[in-house]
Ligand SMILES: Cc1cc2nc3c(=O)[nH]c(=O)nc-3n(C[C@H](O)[C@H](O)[C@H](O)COP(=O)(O)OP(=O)(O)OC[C@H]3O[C@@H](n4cnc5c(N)ncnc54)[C@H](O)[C@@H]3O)c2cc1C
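Form predicted on its own, single chain, as structure tokens, below.
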């Protein structure tokens, strides 16, 4: 005789940043939670660079040992002239994404969530307000789809799907002698990263060198590494990894939710159309979606598709800027405009948002760092954690 399905309040599809943040919060709110993922573990097969903007760090407490703090952006024109950008009190955190996801998985399990590895989502039927899953003997009252930009949940249930993507490619290196670790190094160059940027990022245990291109364009990693070789010295470094990925850039999908099913993270298109950044939205809306699902299932709160609608990101300005970036202006124009006050203001706004209105000089900023380092004997020159 077949055993009845194991009942859960909430099934989360995808042990992603969004899915694991939702799992921890939902379990802490009293829901019985299952997370289904086809991978052997949360930190396997990760393709993101792992840059957290300050808002993400403020939204979700992350162990100091899993991050490196980077305070500035060095922005390069196609002719390799650069400008250094800072804003008072602002920073980025770089991480090792696999380790961070493993930690989030541990946190979710500690809160009481059940993580079912090597368990892909292959479908679910609904009867009497309960979903019964194909291929795994569980049932649930609500489903959260956090299974990435090519969401199987969205496809199976006929929800909105991402249609526009940035194509990204990246190499990881064990060390780069020429990389100033105070900065995220970002490059404008329409010949190698048409419609987007290239980057070199000091991570927790590796340096990430990559780039992305607008929909319908191709990024050229070899050309970027060759062009920036005099700055970073890739030839003297050991390549330790290589990833490719597709980043949704079309904004929020529609519909992103129906009764009983909610999409979050990349599955819902919650990534900036301009930058492609999505970890902030994944952590924030993972947490928020779990709160409203718990409120709905346990305390007669409004359905998630109603409760979340008023706080969803709209990306109005990001869509405008994405349309401009898609034009991939010629490098001669980018280099000519690079030093103008308008371009510097726009760059500060893009990287620091409202905090970017009062940029500070490199000399002023280094003086501030020296003052901080005198109070913290653990700080090391050139590396800020």
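Numbering follows the first chain given and starts at 1. Keep in mind that this is a model prediction, so the values were computed, not measured.
Below, we turn to the form predicted in complex with this ligand, even though it does not appear here.
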query	finding
Answer option from 120, 112, 250, 301, heavy atom within 4.5 Å of this ligand in the model of the complex	120
Answer option from 279, 290, 140, 108, heavy atom within 4.5 Å of this ligand in the model of the complex	279
Residue contact check: residue 38 to this ligand in the model of the complex, 4.5 Å heavy atom	yes
Heavy atom of residue 246 within 4.5 Å of this ligand in the model of the complex	yes
In the model of the complex, residue 214 touching this ligand (heavy atom, 4.5 Å)	no
4.5 Å heavy atom contact, residue 67 and this ligand in the model of the complex	no
Heavy atom contact within 4.5 Å of this ligand in the model of the complex, the stretch among 24-32, 47-55, 343-351, 324-332	47-55
